[in-house]
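As a starting point, one isolated chain is supplied in structure tokens, in the form predicted alone.
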Amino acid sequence: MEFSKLASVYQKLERISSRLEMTSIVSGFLDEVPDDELPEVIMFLQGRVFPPWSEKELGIGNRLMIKAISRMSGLPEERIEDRIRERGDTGLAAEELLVNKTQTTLFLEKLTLQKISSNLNKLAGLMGKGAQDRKISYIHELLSFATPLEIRYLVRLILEELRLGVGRGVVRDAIAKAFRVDAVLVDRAYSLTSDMGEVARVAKREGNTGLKQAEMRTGIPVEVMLAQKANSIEDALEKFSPAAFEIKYDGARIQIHKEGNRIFLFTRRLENVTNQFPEIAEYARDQIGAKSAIVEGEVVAIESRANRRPRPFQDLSRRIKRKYNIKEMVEKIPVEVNLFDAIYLDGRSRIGLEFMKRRKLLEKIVSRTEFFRISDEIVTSDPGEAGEFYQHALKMGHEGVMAKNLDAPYQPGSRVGYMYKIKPIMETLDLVLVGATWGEGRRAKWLASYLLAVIDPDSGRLLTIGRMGTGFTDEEFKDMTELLKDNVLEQVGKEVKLKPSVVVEVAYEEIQRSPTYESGYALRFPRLVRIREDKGINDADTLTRVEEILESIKG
């Protein structure tokens, strides 16, 4: 399929914000796409090239793209940078700067989805000496065959800046409409396979029957089941009693897959972190007594091998994002794993079993060690006993407790009422950084105030909700600036626009209605709790969640 057809769809989507209109446009387009190209089209529509769990990464930043545009246009990089600043968008700048060049090659060869996919797959595998030049060559080749409009969207796609509001909900509904299948079954199939492109292909070829047969398999992450918030122990016990109370560990969700001697580790955002935690892979290989299994738990950074007290989440984040000098990090930041669920065992899904039965399966197959454990748990209907356990968790340095329904199945990808978290502080929000301001005085060399955003659940767009500049040490301002500097898309004076990629957990004193921000709300005295390296922007909180918190506070 020619890329021009997809570019035309991008252009239509860019002009609208209505979710229903988006769904209609995407649905009509999917109906025309050949079966074998559906996976690529679905990924490209969402602004991605690879599934989130793929180990492939493009690793193309603005600097490398500027070099590719310079090579093709013959213009100096400084002029290209100036145009990007003027337009506030690298795709638009490239479209304008290359318009004359593309007209000379326009009729040589049409740019196809297959060609884009092929070049970007080759590009993602390049490493070592000369890799940068070869990456530029692959990008240059694609730009050479693209029309000006195609260049706009191709550049945004490669830079992962193609935010059109086509989120999971739009794609799900479009697949259901295009191929006349049940949207609930589309959602279920994606939750189990984490591959909406393959789900679309099954929907087109096999309909509802094929979607019903979708199953999890080792090596491909499953969307995790999420918890709701309870205000107290008593509140949780009103929902189901007796309940299983587990420590809510101050760490990151981890999904462990075992297939023979092969081990895969995934975060809750479906990222493969097997290489980052070689000791966990070794524990799992030795201590999980099953040929194949998928188990879930929480990985926690601890002070030392002799002291299990949790370290700050930021230390664990350093392990999650580290891709080099792994051995050094294993020694510097030791971790433990606390397992709490088994959802797949010996070739069979176990998500339909009650939680108490899944927990027994977990206890049966795991040989516990000091650092590969099963989470601490009590089962009770007594608020007093549960309260003591809650205080015990807090004294250990953890966040609180989880209350779980003993009879509930596992529902991937959903925040259903099967488990609740109980914490001693006001519910925090996970927000996306979309802008920043350079500081003043001794902070002039750092980004020192950050613009926060929530997700609009209807359009998938990011809506601003406040600015945050407290809760940071000087070292943290320095680290945050280093983290964000490659995400700067545009700068006007001291204000910078950021590529949305970093999620932060934010505490606040109050949520207020405000016309100042796009969400219609403002956070009063927001402060950083931690950077959520384990979460992607699609895991950030929605405007609906903000309104739910506001209502619960009023109540």
Ligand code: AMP
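All residue numbers are counted from 1 along the displayed sequence. Here the structure is a predicted model, which means the values were calculated and not measured.
There is another form of the same protein, the form predicted together with this ligand; it is not shown, and what comes next is about it.
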Self-check item: Contacting member of K177, K423, K239, K360, with respect to this ligand in the predicted bound form [4.5 Å, heavy atom]
Solution: K423
Self-check item: The single option of R319, R268, K135, K204 touching this ligand in the predicted bound form, heavy atom within 4.5 Å
Solution: R268
Exercise. Mind telling me which stretch in 306-314, 397-405, 453-461, 111-119 gets its heavy atoms within 4.5 Å of this ligand in the predicted bound form?
Key: 397-405
Exercise. Indicate whether A227 is a 4.5 Å heavy atom neighbour of this ligand in the predicted bound form.
Key: yes
Exercise. Flag F277 as yes or no: does it have a non-hydrogen atom within 4.5 angstroms of any non-hydrogen atom of this ligand in the predicted bound form?
Key: no
Quiz item: Would S375 sit within 4.5 Å of this ligand in the predicted bound form, counting heavy atoms only?
Solution: yes
Quiz item: Even though this ligand is not shown here, does R172 get within 4.5 Å of it in the predicted bound form, heavy atoms only?
Solution: no
Quiz prompt | Candidate site Y249, R253 and M419: all three near this ligand in the predicted bound form by heavy atom within 4.5 Å | solution = yes
Quiz item: Taking this ligand in the predicted bound form, which residues along 135-173 bring a heavy atom to within 4.5 Å of it?
Solution: none
